[in-house]
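Shown below, as structure tokens, is a lone chain in the form predicted on its own; questions about how it binds or moves come after it.
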């Protein structure tokens, strides 16, 4: 269940969705993968507020879908309602991605390191893992092709935010610095939104940096929940901007009236 915020009329799940939605604009051409309720809500919210020309491929198939409610899976055809067309996943989708027609994707992983690289393959050694995870599901390719990458996690703890990945399923800023650019890959991770804070990446080192704190959260709380030394910005660290009444109303009544986004907090 999502955490209540003392003295606020919104919850952590709503704050995460709104914060992520504000990163997108009319040039955003996005798609989604499995168990991606937070970014799917963010795409739909952005399109209903400040980015009406945002293009979203539901489940990476249904172009500009407009479902009346979200189903139990973000890969289900239950969210394809209202689409202007359906693309063929093996052929059209990958051609669009490789050709730069999509520019935005959001990743969540079982492990995330300080350069925004993600593991969703194994915990432990690959040959004899402690846990075999669901796998990258195209993450290895898409993290190389898509220039605007956003990370999110509804659970911020040292098991997820680790100093070293057990396996690199998807690349963020690689080994840091100019590594991604040296590989000839476009863009890179822009932001990481969690249940505790918002983080960005230092423009030179590309290491993860605290950008804002959610209400009631201290720097010490975030650092204790992070398995690597988190960079701090110069000056005071702001509180994450609160959702507006309009954003909350649209999210609750139009985008996700059945609160399927809370499945990510179970």
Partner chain sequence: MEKILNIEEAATLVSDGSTIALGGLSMNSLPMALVRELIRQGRKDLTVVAIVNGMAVDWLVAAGCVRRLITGLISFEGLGLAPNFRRAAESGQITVDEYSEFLLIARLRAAATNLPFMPTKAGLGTDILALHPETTRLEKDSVTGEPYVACTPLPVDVAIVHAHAADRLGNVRVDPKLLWMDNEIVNAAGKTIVTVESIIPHEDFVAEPHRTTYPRFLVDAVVEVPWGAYPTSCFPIYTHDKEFFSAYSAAAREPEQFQAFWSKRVADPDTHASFIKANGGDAAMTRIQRRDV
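Computed from a prediction, not measured in an experiment: that's the story for all the values here. Numbering follows the first chain given and starts at 1.
Beyond what is shown, the protein has a form predicted in complex with the partner chain; the following relates to that form.
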- prompt: Tell me, which of 106, 171, 192, 110 has a heavy atom within 4.5 angstroms of the partner chain in the predicted complex?
  reply: 171
message: Within 4.5 Å, heavy atoms only: does residue 229 come near the partner chain in the predicted complex?
response: no
field: Heavy atom of residue 162 within 4.5 Å of the partner chain in the predicted complex
entry: no
- prompt: Given that the partner is absent here, does residue 87 sit within 4.5 Å of the partner chain in the predicted complex, heavy atoms only?
  reply: yes
message: residue 53 versus the partner chain, in the predicted complex: is there a non-hydrogen atom within 4.5 Å?
response: yes
field: Three-residue site 35, 92 and 182 fully in contact with the partner chain in the predicted complex at 4.5 Å by heavy atom
entry: yes
field: Stretch 136-166 - residues with a heavy atom within 4.5 Å of the partner chain in the predicted complex
entry: 136, 137, 138, 140, 141, 144, 145
